[in-house]
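Next up: a single chain in structure tokens, the form predicted alone.
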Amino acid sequence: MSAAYSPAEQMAVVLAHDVRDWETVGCGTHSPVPAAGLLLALHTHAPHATLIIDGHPEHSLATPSDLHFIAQRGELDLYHFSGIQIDRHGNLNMTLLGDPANPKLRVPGAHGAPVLYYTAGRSNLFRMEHTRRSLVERVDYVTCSGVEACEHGGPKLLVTPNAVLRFDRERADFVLISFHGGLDLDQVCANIGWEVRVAPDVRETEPPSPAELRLLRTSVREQVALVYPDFVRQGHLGTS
């Protein structure tokens, strides 16, 4: 990755580009990068988008139930998801690692994610770790099913610090469409836990523009800090 911008900034820009004006778009807890992407889109090409950012003083809902009602009415256009594991078929694991009968680790769980994954118009996935232990052939536990989600909307993109993958609905797996600047394509593929298909026109990911970086490091940074102060202090969106 170029020293001119951080992996988080690259990811936020990719996610921002998929937001469309007038849409209702959101992300849940522990999602600073999608939050930055949503705010960037609002400041650039999607000024009329309705943002739902959990915990934000201006963009959060009164109760979690409100989000579920919006989604079940078909009014949630785009939502962002992650998990301790994501597999080639768009399945998310937010529950445990190891044998479900005797797990090595339990995590807080999915809360309302299964409802949202199956009712959002489309879903973009993100993972801050690009390794074979997080991007796996098959998740240890299917908290949310990618194939079932496709009956309504389903996954579209998977964005990591190294690459962007697009979900192929016909084959129900991900295709690598771009890798981030300064990285080696073979090494990026080697750190995915399945034999990933590479698009014939694979390319380097479009880097953040100077204008996007200025916004990420000023207006967007200030807004993200209201929800994720530690993330901002760590320098993911520039430094003070």
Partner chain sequence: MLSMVHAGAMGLPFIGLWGLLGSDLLRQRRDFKVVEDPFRPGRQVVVAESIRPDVAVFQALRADPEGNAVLAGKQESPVIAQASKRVVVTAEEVVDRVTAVDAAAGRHTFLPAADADIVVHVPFGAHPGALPAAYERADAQCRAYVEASQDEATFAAYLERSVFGVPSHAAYLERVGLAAGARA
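Numbering follows the first chain given and starts at 1. Values in this document were obtained by computation on a predicted structure and should not be read as measured data.
There is also a form predicted in complex with its partner chain; it is not shown, and the following applies to it.
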| property | result |
| --- | --- |
| Proximity to its partner chain in the model of the complex (heavy atom, within 4.5 Å), stretch among 162 to 170, 142 to 150, 82 to 90, 122 to 130 | 142 to 150 |
| Residue among 187, 29, 209, 63 with a heavy atom within 4.5 Å of its partner chain in the model of the complex | 63 |
| Interface membership of residue 69, its partner chain in the model of the complex, 4.5 Å heavy atom rule | yes |
| Residue contact check: residue 115 to its partner chain in the model of the complex, 4.5 Å heavy atom | yes |
